[in-house]
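Take a look at this single chain in structure tokens; it is the form predicted alone.
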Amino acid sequence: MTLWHLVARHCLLSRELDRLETEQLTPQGKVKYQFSAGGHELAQVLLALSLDHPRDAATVYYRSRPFMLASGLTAAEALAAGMARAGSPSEGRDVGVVFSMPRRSGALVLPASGDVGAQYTPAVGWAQAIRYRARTEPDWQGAIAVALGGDGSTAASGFWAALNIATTLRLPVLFFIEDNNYGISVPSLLQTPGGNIAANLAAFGNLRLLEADGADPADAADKIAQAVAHVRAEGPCLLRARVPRLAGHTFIDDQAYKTPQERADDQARDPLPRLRAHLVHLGLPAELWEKSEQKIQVEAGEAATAAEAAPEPDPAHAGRFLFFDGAPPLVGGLRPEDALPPLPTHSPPEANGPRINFLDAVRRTLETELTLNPRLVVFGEDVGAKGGVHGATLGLQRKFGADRVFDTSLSEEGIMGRAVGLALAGLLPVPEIQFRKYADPAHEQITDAGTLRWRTAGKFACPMVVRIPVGYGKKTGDPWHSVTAEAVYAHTLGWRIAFPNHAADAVGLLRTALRGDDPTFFFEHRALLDTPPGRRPYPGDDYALPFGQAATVAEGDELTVVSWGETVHRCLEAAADFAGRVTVLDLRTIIPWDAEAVIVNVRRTGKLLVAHEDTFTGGFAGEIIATVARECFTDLDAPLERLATPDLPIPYNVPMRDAVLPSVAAIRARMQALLDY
């Protein structure tokens, strides 16, 4: 079959699937969300058929079904996705047009996001991984990444973050912008000044710009070929393909906001009649088009029958794949290629190691793991030549090179989205976010990363370890650099959270995270980085601690106190006045947390106090107390208590800061009250 026969087949099939959904399956309630690709088919199919390198990858969006079909998705799978049936890409877990697909006949399709603009930085991460892996693996040389998006998505922060990364590093990435003049009902003039993103980027450095009539076969094919060739040979390119949107944004959108002339103009630019004319011009008999349409109608009807006959996903499996459960993914992380170093046997720390501070523990562990694991990369703002604003990566770039320890632009969205793409390409990203508050601009990428394995039914995974200094500093506090807010991430599905309070635990938990399979937050409290409470003997290069195992740091018979992070030291100081009466448990990890240890100790002592630095309302103490109330109700001898920061930011003024943090005196008083109860 010739290229143009393939183009025609995929375009006709996409249009017929749209017709089946809009005329039958959606009105019947069998498809809940219907996004027509009418008008976008030609450009997407031509692009998909040009991505023939075995390491090419693409990120797509909700109107990308023609691209998916031309990349190997079957019609039955496409319809089953909309019907939320077993056998679809997400096994009924995600919206039918939020696609992902391991490589078949075309590019590998990275897991899509339901968030507009979130597809760009993961594509850039894959492009950077191409460069990294091509240094030693010839089969990666010449590969590219492509990010598909509508014109409305170019207003999103993710687009600009990705554009900056791609052009400053000259990465092999193609921004494929399908401009249909509208973002739902908002015209492009309100999305982009002048309505033309390519024109506005004319002065952007290191970026080839192309424009195409995405509804014209000859022009679209020529410009796509130019764009792909440029990216393979030289670097970033943005191709703006002008396409009509023949239907509404979704099935229920009647496009009443468009004028009759606009709707007529869209229909006049329908790419399918123009494709038919092009094929006739190339010598294809006109009647073959009609025969192809008839065959496609039969094929689509059979696909609909097969999709409707597919079983519903097993509800009992809805909880699978949020975390690694022993089944390796097809794509993402180190496990599919057997490149993950094994986790050391959990053993006691070395007894005579040199005493080091928390910061040195992190640096030494990173150095050891970088030496052991060539897939590990460390990056973030200022982590390279400067060695990090806190010094945790000092000297690592000099030892391991700028490909493995590198600085990034000032964009947390870019840091985290890039990490997703790097992880999907088989690397182990270890990004640093300088302070907990600074992670807020990356929240979209963080939430997407956490559910990526679940949304793809275990086919994809993006393990990474995100290091974040948190909490107040040893000399001051303030609202911007002193946030802990671990409870926010405890609610962020699919992420593990480590929160050590001294150097030895930092080594053990960081090593376990770096040898693991899940996205993990590693919190480093700023008041412990280079202060005596955080110092411990170095536990050894093979030391690892399991997640979800609390440490008993003081023992007593009358009261159980639970804490984590820097607050553990305050609890220990307060408990010193009640020797033998207070048990202090350091959770060490928040997700998972050691509920069993807490329950066992509360049943033994009959009383509980939870203390943490995060704010009171919605703090993680509430989760612990709710669990204890359920499991230990008949064992309790006193009300369940918690101490936390009031629902306030941390003040810059030191006396004010100390007034809002849970003080040793306040913890001691609450212990006394519970012991006396």
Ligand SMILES: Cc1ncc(C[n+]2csc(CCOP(=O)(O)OP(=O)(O)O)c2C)c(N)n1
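Keep in mind the model is a prediction, meaning the values are calculated, not measured. Residue numbers here begin at 1 and follow the sequence given.
Just so you know, the form predicted in complex with this ligand exists too; it's not on screen, but the next bit is about it.
Contact with this ligand in the predicted complex, defined as a heavy atom within 4.5 Å, holds for exactly one of 253, 115, 350, 299, namely 115.
Note on contacts: among 523, 543, 182, 495, the single residue with a heavy atom within 4.5 Å of this ligand in the predicted complex is 182.
Within this chain, residue 63 lines the site of this ligand in the predicted complex, having a heavy atom no more than 4.5 Å away.
Contact check for residue 444: a heavy atom falls within 4.5 Å of this ligand in the predicted complex. In the predicted complex, this ligand lies within 4.5 Å of some heavy atom of residue 151.
In the predicted complex, this ligand sits within 4.5 Å of a heavy atom belonging to residue 40. Stretch-level contact check against this ligand in the predicted complex with heavy atoms at 4.5 Å: of 54-62, 610-618, 648-656, 630-638, the positive one is 54-62.
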